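Just one chain is shown here, as structure tokens, and it is the form predicted on its own.
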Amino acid sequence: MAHTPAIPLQARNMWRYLPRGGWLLVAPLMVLVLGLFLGPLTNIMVISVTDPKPGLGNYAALFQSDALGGILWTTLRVCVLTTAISVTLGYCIAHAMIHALARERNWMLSLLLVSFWISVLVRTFSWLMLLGRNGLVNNGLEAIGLITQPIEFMRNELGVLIGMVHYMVPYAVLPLLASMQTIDARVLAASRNLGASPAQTFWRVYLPLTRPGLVAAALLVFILSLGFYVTPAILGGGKVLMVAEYISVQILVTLRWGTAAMLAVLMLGGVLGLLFVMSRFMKLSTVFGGTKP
């Protein structure tokens, strides 16, 4: 009988790290996806330091151009206000859902999910019809005698904020709802049994326990607000210029690809940084609809 040579221990251990049969089938597709994802990002980064000439001139323009500084400040201000209003409204809605009966909670959750199916373009044009000078809101306020002339809701930050908050509130509710569902009701009961008033229980017990959800909701809304394009372009009427719309102008109109790429890289870096901070407070899979481990 022929003697079978023994396989060295080191060689046997190497087999443990080789991909199994299923991974061999998926690996080419993973390489393709990574290439299609990382390729354009790398190209944008290269353009930001090579167009119109090699160097960091595009990034230096951030500190030299008043126009770029104004656009960044407008974007930051609108995003912060949108985040604050959306998280406040979202906290109230999530709190009401947690304390509602099961049937009412299911209806509220269904209405919340339905809002995700409505296009942002449809929502924006709906607000355009409602908030115009001859829109339903102004006509209604004039009919009941609250105003004598139409309120300028359009072509300013007020209209942009209304449209963005309307779109962002559901995104604020979901992480807050996930955070509130983890709170043990016995903790709140213990606080009340120890003599704390409802207000003291909320401020000293309930609110601190929901802080991770608050941080996650605020970061999620702020990240999504950074890339808003349709709502500021339509409701702002060109008078509220944010980074996303400015990038579009640089690419399609002025053909200053280097400036557009530089702003895109800044937005990407900011989003990745905020996602990292967000991951310190809550699992990202839970925030974006995944299941808890």
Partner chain sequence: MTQPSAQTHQGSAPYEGLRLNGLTKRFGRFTAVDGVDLHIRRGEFLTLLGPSGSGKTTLLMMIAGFQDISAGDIALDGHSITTVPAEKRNFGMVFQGYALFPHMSVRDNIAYPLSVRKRPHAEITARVDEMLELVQLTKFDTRLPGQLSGGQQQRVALARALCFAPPVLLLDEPLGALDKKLRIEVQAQLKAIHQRVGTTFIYVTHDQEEALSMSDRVVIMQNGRIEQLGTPQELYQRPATQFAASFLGKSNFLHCSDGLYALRPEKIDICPATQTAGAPLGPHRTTAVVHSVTYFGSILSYTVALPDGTTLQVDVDAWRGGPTLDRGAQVTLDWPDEAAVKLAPDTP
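Positions refer to the first chain, counted from 1. Note that the coordinates shown come from a computational prediction; the quantities given were computed from them, not determined experimentally.
Beyond the structure shown, there is the form predicted in complex with the partner chain, which is absent from this document and is the topic of what follows.
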- Task: Answer for residue 192 alone: is it within 4.5 Å of the partner chain in the predicted complex, judged on heavy atom distances?
- Result: yes
- Item | Non-hydrogen atom contact residue 103 with the partner chain in the predicted complex at 4.5 angstroms | no
- Task: Answer with yes or no whether residue 140 is in contact with the partner chain in the predicted complex, where contact means some heavy atom within 4.5 Å.
- Result: no
- Message: Considering non-hydrogen atoms and a 4.5 Å limit, does the partner chain approach residue 204 in the predicted complex?
- Response: yes
- Sort through 133, 186, 99, 77 and report the residue having a heavy atom within 4.5 Å of the partner chain in the predicted complex. 186
- Message: Only one of 158, 112, 128, 209 gets a heavy atom within 4.5 Å of the partner chain in the predicted complex. Which one?
- Response: 209
- Message: Using a 4.5 Å heavy atom cut-off, which of 161-169, 193-201, 147-155, 103-111 contacts the partner chain in the predicted complex?
- Response: 193-201
